[in-house]
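Before any questions on binding or motion, here is one chain by itself as structure tokens, the form predicted on its own.
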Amino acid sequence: MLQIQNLSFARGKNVLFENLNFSMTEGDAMRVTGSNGSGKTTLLRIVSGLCRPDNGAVVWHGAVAQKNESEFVRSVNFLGHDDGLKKQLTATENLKLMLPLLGASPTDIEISAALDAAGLEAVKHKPVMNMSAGQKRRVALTRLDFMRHRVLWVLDEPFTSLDVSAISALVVKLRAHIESGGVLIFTTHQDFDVVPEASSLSLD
């Protein structure tokens, strides 16, 4: 399903990684590890089609991703460090604005229920700018509830700013995704196996 072929990327004279190869198929999960500056975020952005490698290719269902962008883009769900939220809008307004752009069309009731399940019932109608870092992260992660149609989930530090209960809830979502045949690539600084099924790729 996903093949990474001979990827190389350098920032100036600093080679982050080179001749990197791996493949993933339905139900696979991979945790990318490495020290700060090792290229974890860059690799995730390349896999998502947001950044071009210096050499090598990302292959999706047998075709180079850049040459099959429409199909590939519809298959990828990328969540980066930046939550991508409009700070002046409420959590509810943010989801109503973003989800249709990602190919999802939930009802207002479904959005409200997802935010309630994320523990955001008391703040879902408040501007995001007035929320804590953990609440903002939970708003962004609520998008996952509506991204089941996107097979490849690429998540950069999704557990950042989350408390124990929110981490547990996210793990349930991630495991459900791979158990349903999805593909997951993620990074995290958590010092325990948040997704025990995941293989590991070190960039150090």
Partner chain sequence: MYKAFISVLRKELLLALRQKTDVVTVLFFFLIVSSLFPFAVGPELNTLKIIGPGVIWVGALLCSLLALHRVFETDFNDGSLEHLVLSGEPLTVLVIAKISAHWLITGLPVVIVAPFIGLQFGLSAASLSLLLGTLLLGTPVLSLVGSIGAALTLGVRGGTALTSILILPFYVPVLIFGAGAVVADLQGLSIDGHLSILTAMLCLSVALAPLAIASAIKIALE
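All values derive from a computational prediction rather than experimental measurement. Residue numbers count along the first chain shown, from 1.
Form predicted together with its partner chain: not shown, discussed below.
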Counting non-hydrogen atoms within 4.5 angstroms of its partner chain in the predicted complex, say which of Ala63, Ala57, Ala169, Leu50 makes the cut. Leu50
Taking Ala117, Ala176 and Gly181 together, does each of them reach its partner chain in the predicted complex with some heavy atom inside 4.5 Å? no
Quick one: is Leu85 in contact with its partner chain in the predicted complex, heavy atoms, 4.5 Å cut-off? yes
Residue-level question: is Ala113 within 4.5 Å of its partner chain in the predicted complex, judged on heavy atoms? no
Counting only non-hydrogen atoms and a 4.5 angstroms cut-off, does Ser105 reach its partner chain in the predicted complex? yes
So in the predicted complex, does any heavy atom of Met129 sit within 4.5 Å of its partner chain? yes
Any residue of 143-178 with a heavy atom within 4.5 Å of its partner chain in the predicted complex counts; write them all down in order. Arg143, Arg150
